[in-house]
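Presented as structure tokens, the chain that follows is alone, the form predicted alone.
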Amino acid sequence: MAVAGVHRPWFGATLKEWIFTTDHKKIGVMYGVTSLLFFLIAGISALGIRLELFQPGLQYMDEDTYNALLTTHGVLMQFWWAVGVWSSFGNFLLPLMIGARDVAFPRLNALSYWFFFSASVLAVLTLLPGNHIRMMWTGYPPISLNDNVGQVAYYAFIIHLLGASSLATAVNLVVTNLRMRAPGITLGKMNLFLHAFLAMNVIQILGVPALAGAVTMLLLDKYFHTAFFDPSRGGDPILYQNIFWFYSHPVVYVMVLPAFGVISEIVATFSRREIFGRKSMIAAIWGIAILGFMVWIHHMFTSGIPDWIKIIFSYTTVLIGVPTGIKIFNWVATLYKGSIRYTTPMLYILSAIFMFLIGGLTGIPLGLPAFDINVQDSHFVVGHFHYVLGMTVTLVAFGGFFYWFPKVTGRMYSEFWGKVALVLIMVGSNLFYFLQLIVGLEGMPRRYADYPPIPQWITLHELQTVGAFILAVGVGLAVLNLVLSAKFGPKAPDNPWESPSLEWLVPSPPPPHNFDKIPHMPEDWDPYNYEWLSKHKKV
């Protein structure tokens, strides 16, 4: 079961090879670079928003430009970073973890990336003057049916391209996961990373058509004079919100379920222990995936829906805290009596668990209509989801980048600068988002470019802006560390973390076809059996 020896690494490929490649590893790298680039663009737009809110009054931009920045930040951060970055991890790692040479449909995989890339180019073009889209990432009617919010057709086309890419990737990875596992890798022995990606892709397959349908109906209302959502012609804008959130709340779990998988891999590796309660972790992953489709109404508690519906969806929203709590408990229990190594990836993951805990605790009251109605559309909600999604996903993604960096590049990164960047990220993000929760509780509404000169609000906004810039410096340092280390970092051993997970048992970077022969994993192998590795150095 030896693996291929001498080979040309992925970064030695020509431009033509990159363009026409069907290699899952190259496509994974392309997803990663594209997502990271758009994450930085979204971050720069957020700094523009924070500068404008530094003081009351309009200082650097008018309301239309502010709305365009908000839309850019929301769309890029949601679809290109929080969702798109996991296509990078899934493409690069999933076949390696299951002992496959590629995904089930390599050409479809390449097509998926180019759909994603095409949507990326179109999204960048909306930044140009005259092409701004100002209807937020939600595209709510009736505002999106107005002429001054930008091209609805353009917005719908971008969403359709992203949807086609997401669906094709999801089908590909589900089939690969279920049909191409090497002998000896049963469902029970799969990495928790693989379970999380399986659940995430099932959500995509079930949910993406709803979003595509919603924007298609919006398109028909705007250009073909149908009346699905236009109240002036008998339509119902709440119908759009129902369809939109049927997918767009579960998409929260498309963002965090892969993060849970990455957390589980890194916590286990650096604690040298199998994840505590592994079966309950798998049950929790699927519990979150199923319950995620039963909570969307909590986004609409102030839209005039009947009270009995509010009560049902309040229960389901709070209920989803149970499987989420199981996961946090199991990660902490894994650390207990573990042989913990505080490497850069481990510290990012521990920070992510801390941020997710704050986000989760602020999310429970939002599931209660009595509280939610009072903070609806305030900065409290913005602070909550930036803890849950913004910082948890970002910290886990960077933790994953550092963890698998030696595997992807064959080089090591700088531990020192990785930790310095993390300190800045944690200081900046907590200064930013915790004060955002407070100003929200004091009544500051979201999506406004201006606010009254209330002394407490001014101080809170000034400190948030300082925090945002500290956060930006930390992120910049982390990215710089990765980029420079890929070129100048010391050569990494094949398995620097001494993990028995299958991707670490091939050379770094992996050979073009991953395995000379499909591995047959022995009975005593398990991705979290760290004693097994000392007995068998290679498979």
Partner chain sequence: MRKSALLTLFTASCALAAPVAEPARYWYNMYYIWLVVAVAIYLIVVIPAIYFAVKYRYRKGNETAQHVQENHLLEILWTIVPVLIVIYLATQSFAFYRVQRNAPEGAFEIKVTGFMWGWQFQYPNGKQVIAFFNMMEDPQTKEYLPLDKIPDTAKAYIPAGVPIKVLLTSQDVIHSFYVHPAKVMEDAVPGRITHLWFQINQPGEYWVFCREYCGTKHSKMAAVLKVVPKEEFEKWYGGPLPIQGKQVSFNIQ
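Positions refer to the first chain, counted from 1. Quantities reported herein were computed from a predicted structural model and do not represent experimental measurements.
Absent from the display: the form predicted together with its partner chain. The rest refers to it.
Although the partner is absent here, Pro365 lies within 4.5 Å of its partner chain in the predicted bound form, judged by heavy atoms. In the predicted bound form, none of the heavy atoms of Asn514 sits within 4.5 Å of a heavy atom of its partner chain. At the 4.5 Å threshold, heavy atoms of Pro496 stay clear of its partner chain in the predicted bound form, well away from it. Proximity of Ser339 to its partner chain in the predicted bound form falls within the 4.5 Å heavy atom cutoff. This chain lacks the partner; the member of Leu125, Ala227, Val427, Val322 within 4.5 angstroms of its partner chain in the predicted bound form by a non-hydrogen atom is Val322. Note on the partner interface in the predicted bound form: the residue among Val423, Leu187, Ile205, Ile311 having a heavy atom within 4.5 angstroms of its partner chain is Ile311. Residues with any non-hydrogen atom within 4.5 angstroms of its partner chain in the predicted bound form fall in just one of 95-103, 286-294, 442-450, 465-473: 442-450. With respect to its partner chain in the predicted bound form, the three residues Pro141, Ala370 and Val375 uniformly fall within 4.5 angstroms at the level of their nearest heavy atom. Although its partner chain is not shown here, in the predicted bound form the stretch 324-341 places heavy atoms of Ile326, Ile328, Phe329, Asn330, Val332, Ala333, Leu335, Tyr336, Lys337, Gly338, Ser339, Ile340, Arg341 within 4.5 Å of it, in sequence order.
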